[in-house]
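One chain is shown next in structure tokens, namely the form predicted alone.
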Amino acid sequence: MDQAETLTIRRPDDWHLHLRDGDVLRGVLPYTARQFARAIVMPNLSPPVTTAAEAQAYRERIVDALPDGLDFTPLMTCYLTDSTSPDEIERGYGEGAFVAAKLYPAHATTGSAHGVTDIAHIRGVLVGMERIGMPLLVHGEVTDDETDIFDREAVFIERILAPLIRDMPGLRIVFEHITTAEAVSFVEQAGPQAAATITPQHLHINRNAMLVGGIRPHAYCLPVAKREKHRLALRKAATSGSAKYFLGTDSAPHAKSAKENACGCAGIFNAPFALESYLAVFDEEGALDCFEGFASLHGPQFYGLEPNQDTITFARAQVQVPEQLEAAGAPIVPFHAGETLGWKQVD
């Protein structure tokens, strides 16, 4: 096969992932483990993962659910609440139970009911994290009723994130699943302590995907997709080669019945074809030479980890994404359902 028709990179990591628990965990984990060596696992279970002991127990459940023959390392996070103890954070980080801590503004997204109601409540925690070099992972949206949902990320930057960076210049922050040109501009202007993850869906779709031709719940996630100008800004950032941006799928499985009802749960399940989805974007942007950095190198660099030594290879080939898959005995609709992608994992 012509060399130009293949791409080999170091095995990537997913720096933002929802694996759920129990039967769903066992159903969705193989999709991630076949492509990624490591993943930052989100702690928004019910109840959330708020202590080192809970993180260790969850990690064991993930490892136990891993199919034979797949090599995968879960990296655990702590769910911050108004009452999180600075001592628990420091102890858990020192023991290796936590790799990072996650800030969910209360009621911002799925499983965030126990999140932080005012960042002032966790100032002591953040001071300690800055001192020990522990990364803070941020769901960057305000949640007040007065702010339009399409403006919540930009307002969060102005009200919360910019002052936080100013007051704690040593705090390492990952602005997760950014969705706006304002977020790109903020990350670009912030110092080396700030980085961002970008999902495949926010590179592919704008808000029309949710609304044109009827309500389309399988394109609904939080933060919601924004205007086309924001999608284009994200594509430029992701494919720029800047080490400030790296891969974080935010893959979030929900049963088809939970998406197609009055709730319309937020979340897009992109794990089955995550790398193929990202590759389509980098190919379209003429930036395949930047893909390994985004997928495999920038994340480990920010977290102070070594890149993976093994590799993964893709070939140009048409791949049909199924209309639905199954997890825990229930149908689940993957991102790109029914579409054809132009790259295929071959090893």
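When you see a residue number, it is the position in the sequence shown, counting from 1. As the structure is a computational prediction, the values presented were derived from the model and not from experiment.
Below: the form predicted together with a small molecule, not depicted.
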| property | result |
| --- | --- |
| Partner-contacting position among C78, L137, C221, V125 - heavy atom within 4.5 Å of the small molecule in the model of the complex | C221 |
| Answer option from T143, T110, Q193, S242, heavy atom within 4.5 Å of the small molecule in the model of the complex | T110 |
| Contact of H204 with the small molecule in the model of the complex (heavy atom, 4.5 Å) | no |
| Distance check, N44 to the small molecule in the model of the complex, heavy atom within 4.5 Å | yes |
| Touches the small molecule in the model of the complex: H336 (any heavy atom, 4.5 Å) | no |
| The small molecule contact in the model of the complex: D250, any heavy atom under 4.5 Å | yes |
| Contact stretch among 252-260, 163-171, 150-158, 226-234 - heavy atom within 4.5 Å of the small molecule in the model of the complex | 252-260 |
